[in-house]
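Take a look at this single chain in structure tokens; it is the form predicted alone.
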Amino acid sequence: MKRLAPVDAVIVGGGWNGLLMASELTRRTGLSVVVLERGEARKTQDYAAGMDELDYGIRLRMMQAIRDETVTLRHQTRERALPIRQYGSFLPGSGVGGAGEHWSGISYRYQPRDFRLLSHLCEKYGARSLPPDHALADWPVTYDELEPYYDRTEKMMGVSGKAGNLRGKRIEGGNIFEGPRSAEYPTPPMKSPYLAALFGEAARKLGYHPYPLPAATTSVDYTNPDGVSRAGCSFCGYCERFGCMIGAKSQPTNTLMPLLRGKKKFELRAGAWVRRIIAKDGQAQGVNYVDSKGEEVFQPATMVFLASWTLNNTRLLLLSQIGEPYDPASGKGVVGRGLTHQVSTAAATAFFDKPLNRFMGAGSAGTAIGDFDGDAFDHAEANFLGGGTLYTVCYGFRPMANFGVVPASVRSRWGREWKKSALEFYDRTGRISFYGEHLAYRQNYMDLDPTYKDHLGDPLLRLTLDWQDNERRMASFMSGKAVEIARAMGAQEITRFPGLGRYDTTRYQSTHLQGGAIMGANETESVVNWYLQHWRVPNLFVLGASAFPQNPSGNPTLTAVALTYRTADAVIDRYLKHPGTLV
């Protein structure tokens, strides 16, 4: 194995969190920093000639190669897990920028109650209301502590939107149920496409409080505090599963890489497949990886930052035997605990008698309501805990992925009648979607599969995951509300979401999986502390949504990046001066 010269910091993963940490360390210190990304290098210019729906939208060019590595899944521990052979429920990104290149850009903050969820639910509903098999936990950081970092993240990304709670003052037109913000969004809301406008008008008539989706896509030309300028959105409809060809959608390659290019003490190595973090006597020594030529390499480092995707973070900790693996039978161990996946459904599909101009849009151009999120509504009529957001987003409905959806009144599913109806309804179909909370349960977790291995011979990650009654009842309740809104929108026919059954890998839900290396107040219940620092290996930091104790309703990216900013401040201002456990 080739041994390289030591560096001050090695970062595993070149997505939002890895490149942000690299940027902060490189610009604010004299440290030498190496980022290892197992996918290919990317830049905005590449996307201008690559807006190919078959290549990107269907064949999933920007995702991890499932032939090299996948995960196995079972619903319960008594079952044998089987490999996922085709991406369905989530789409892990690969290449520089990671999933931050192909994301839609919807950028929610979490609510204040989300950070103390266990305490909040016990206080409001009583401990007996909690599912008996829950594994809920309070976060060791509060909304108020994170709010300055939320603001910093939104300004870096140029998030567009409308404040609904500005320094405690509720503002109609924004999300009045959000936590207090210290500042308005950096850029105004995106233009509202026709379907989103219909949704907003109907919701308002029903007494709800619609607001524009917060979008990490600039609505106007914007220069962020780092001096990085980006164009306003052109609503081309190629956001989700694509990189933005003009740079309007905030991506690591167009927002963070400009700050890193040309830095003498920074190096980005693409094609570097990290296999192990090497630790000895309570200290990380560096990482082993296979380079783009297939050669085994050891990169020594004074600090290690694990910043890959949720599942990859957890798998690397397990493969490296850092921390005690979680055992659901005894409740002992921490690595792999707290697996959650955002509850995401097409709550109602509405069919109209007029065109909707669905070919125009952006990944986060839409309208939402927060009236059923968290505790914004009276749970007396509900038989579940939690809630979420109902919304419609007009991301640009491309023909290959979206053709063929017809109402139930069309009996044929092939042939002349189906083709005629599919053409008629292609631009007359709108979806009301739901993003919901997923509580943590003791029986949902990750470990290493004893049977299946990747292309290098390492065990695959095994997911033990299923929906529980709380989430099933929540999804059913929200579908009823979505149908109510669709009727108010003037829909001719409505197809209601049939409900959550078993966890299904064939239906895309979101790439928002959390847990596995959760944060907490002590090492017996968590992997990392409130600065994302490993309890037992203090020079190892684990960044990203793998640290989330459970899944609030909103998308996780904004919170993950805000936490990385907070960790960067703690490392630079405190850890480097006095290495050791941060308190």
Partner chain sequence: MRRRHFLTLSASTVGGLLVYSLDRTPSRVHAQEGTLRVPLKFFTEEQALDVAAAAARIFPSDESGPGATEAGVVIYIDRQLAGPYGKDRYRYTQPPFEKGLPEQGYQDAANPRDIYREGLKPLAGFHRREAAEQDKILTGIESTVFFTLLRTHTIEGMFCDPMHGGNRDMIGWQLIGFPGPRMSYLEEVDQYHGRAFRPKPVSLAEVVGHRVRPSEEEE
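Positions refer to the first chain, counted from 1. The model shown is predicted, which means the values in this text are computed figures rather than measured ones.
The form predicted together with its partner chain exists for this protein as well; it is not shown, and the discussion that follows is about that form.
The candidate site formed by K420, D454 and D504 is fully in contact with its partner chain in the predicted complex, as each residue has a non-hydrogen atom within 4.5 angstroms of it. Exactly one listed residue, out of S476, S192, T349, S510, brings a non-hydrogen atom to within 4.5 Å of its partner chain in the predicted complex: S192. Among the residues L206, L166, V290, A197, the one placing a heavy atom within 4.5 Å of its partner chain in the predicted complex is A197. At a distance threshold of 4.5 angstroms between non-hydrogen atoms, Y238 is in contact with its partner chain in the predicted complex.
E523 falls outside the set of residues with a heavy atom inside 4.5 Å of its partner chain in the predicted complex.
Using a 4.5 angstroms threshold between heavy atoms, R74 counts as touching its partner chain in the predicted complex.
Remark: R80 counts among the residues lining its partner chain in the predicted complex, judged by a heavy atom distance of 4.5 Å or less. With its partner chain left out of view, the stretch that reaches within 4.5 Å of it through heavy atoms in the predicted complex is, among 551-559, 511-519, 47-55, 530-538, 47-55.
Residues of 333-362 lying near its partner chain in the predicted complex, listed in sequence order, are K354, P355, N357, F359, M360, the criterion being any heavy atom within 4.5 Å.
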